[in-house]
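Shown next as structure tokens: one chain only, the form predicted on its own.
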């Protein structure tokens, strides 16, 4: 393991927050922008460093672990940071998407750019903290820290319907966060561990499990609380509206990373601590995932004629695969969910970036007003088609491995549900390829011809290419070498996840 002279996890959290604080205290704009590069680059580089030096056989043990005193030891609260094989992929995702979103924001020329970057940096620091926290109090705290800037950015820098979108985001996500908090506090109280430390809680509850009825109620709280935050059907309507109104970098960070908080919480906390409760909710969760998120939302996505709304609905649809993987109650399903979370985070962030780039050139999100853009912007067309194919799950991209693993796990759980879920790939292919064809190929519409005659569209600039390359390169790297993530996942999930004998164990090896 690498021996750095500092704690890489703490620095990855503190750096963007320190830059945000400097901007808040009146740092001049020219220095704020330059320092923002550091605030976004340092977490990404440290995340890659941790990935490269992560011990292959670490298992469920936390590495790069450090504990900091908070003065709240009597409540069992301490800032304990560490990564295991489940947290590592999400920590890397947060670093890479944060870097891409930050680079795109710096070059966006947004109004009040200093304040915009300050909020994004706070969001970035919170995201790094979510996946580096071993203490579930700080796991929740960092999520709230990252969530608050989202509301502000949608309300201030958002597009159409931004006030309504910000209000709906606030109501739904606050409800989900409160349900989750109640569930987490109840686990702390009922466990008797007198600690929020996840390792201590696991040891305590493996030795003395909670009663099955209590587990059912607690898991239900966490499932619906986290589920609302992830856009579980039918509590999903905040997501397409919010992403449609959100500025691009905020949509990239929230849809790409922050929305994974709920799924991560179910896998890292709820399933290992409440395995008997989870087993009583699988039918409900699987049904909502397949028939709600994948099929109902999938058909709604096909009907969209607004490009950004289409990307937002597609993000909700793909969360159905993740919920299905969790409902399988196997380490194979859980591993597939983690792989899909990383892949989806990268691909949806790329799609939101490119969607805004298209809008800058066409001045519309209406698919009926587009066509033939590939003639003038071939590089943009190539990136968009690649991102679309990744989202569909084409082999060679990271999404393929996540979906394939979930389908294999789901086949053991329910062949009927698996067949319905696989049908979602056809739905994704229809709306994805049709959208690419409408935007880039065919004859330009009269509306687009008038716009491009007055303002001829230029191809992607380097300020847009660089963040797009970062995201696409990560999708391809994991797509061609999935063991870079599945190896630490195998070690974390097989021997110690979940409680011994509680759930069937299958591994993610073989990819």
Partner chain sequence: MTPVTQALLVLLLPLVSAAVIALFLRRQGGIATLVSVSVAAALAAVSLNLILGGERFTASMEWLRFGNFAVSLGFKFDDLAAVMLFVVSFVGFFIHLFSTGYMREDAARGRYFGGLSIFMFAMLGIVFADNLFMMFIFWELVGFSSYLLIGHWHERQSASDAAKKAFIVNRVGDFGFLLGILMCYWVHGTVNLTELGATHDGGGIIYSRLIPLLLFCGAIGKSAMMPLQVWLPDAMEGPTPVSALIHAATMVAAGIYMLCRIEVLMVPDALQVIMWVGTTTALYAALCAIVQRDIKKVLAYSTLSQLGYMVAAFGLGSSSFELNGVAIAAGVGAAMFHLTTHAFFKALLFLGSGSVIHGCQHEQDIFKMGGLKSKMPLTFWTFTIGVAAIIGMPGFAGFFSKDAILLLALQKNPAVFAILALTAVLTAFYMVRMWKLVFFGATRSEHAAHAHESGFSMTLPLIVLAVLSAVGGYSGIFGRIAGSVAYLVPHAEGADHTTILIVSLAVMIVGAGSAWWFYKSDATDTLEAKSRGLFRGLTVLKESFDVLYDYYVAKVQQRFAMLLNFLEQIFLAGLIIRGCAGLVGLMGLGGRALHVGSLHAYVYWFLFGLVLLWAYAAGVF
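Only a predicted model underlies this, so the values are computations on that prediction, with no experimental measurement involved. Residue numbers count along the first chain shown, from 1.
What follows is about the form predicted together with its partner chain, which we do not show.
Distance criterion of 4.5 Å from any heavy atom to its partner chain in the predicted complex singles out 434 from the list 434, 360, 160, 203. Shown without its partner, this chain lists 367, 374, 110, 199 as candidates; in the predicted complex, only 374 has a non-hydrogen atom within 4.5 angstroms of its partner chain. Although the partner is absent here, residue 400 sits close enough that one of its heavy atoms falls within 4.5 Å of its partner chain in the predicted complex. In the predicted complex, residue 303 approaches its partner chain with a heavy atom inside 4.5 Å. Heavy atoms of residue 32 never reach within 4.5 Å of its partner chain in the predicted complex, leaving it off the interface. When its partner chain is considered in the predicted complex, residue 389 lines it closely, a heavy atom lying within 4.5 Å. Contact annotation: its partner chain lies within 4.5 Å of heavy atoms from the stretch 389 to 397 in the predicted complex, the single such stretch among 389 to 397, 278 to 286, 247 to 255, 262 to 270. Using a 4.5 angstroms heavy atom cutoff to its partner chain in the predicted complex, none of 88, 90 and 210 count as contacting. Residues from 400 to 433 that approach its partner chain in the predicted complex with a non-hydrogen atom closer than or equal to 4.5 Å are 400, 401, 404, 405, 407, 408, 411, 412, 415, 418, 419, 422, 423, 425, 426, 428, 429, 430, 433, in the order they occur in the chain.
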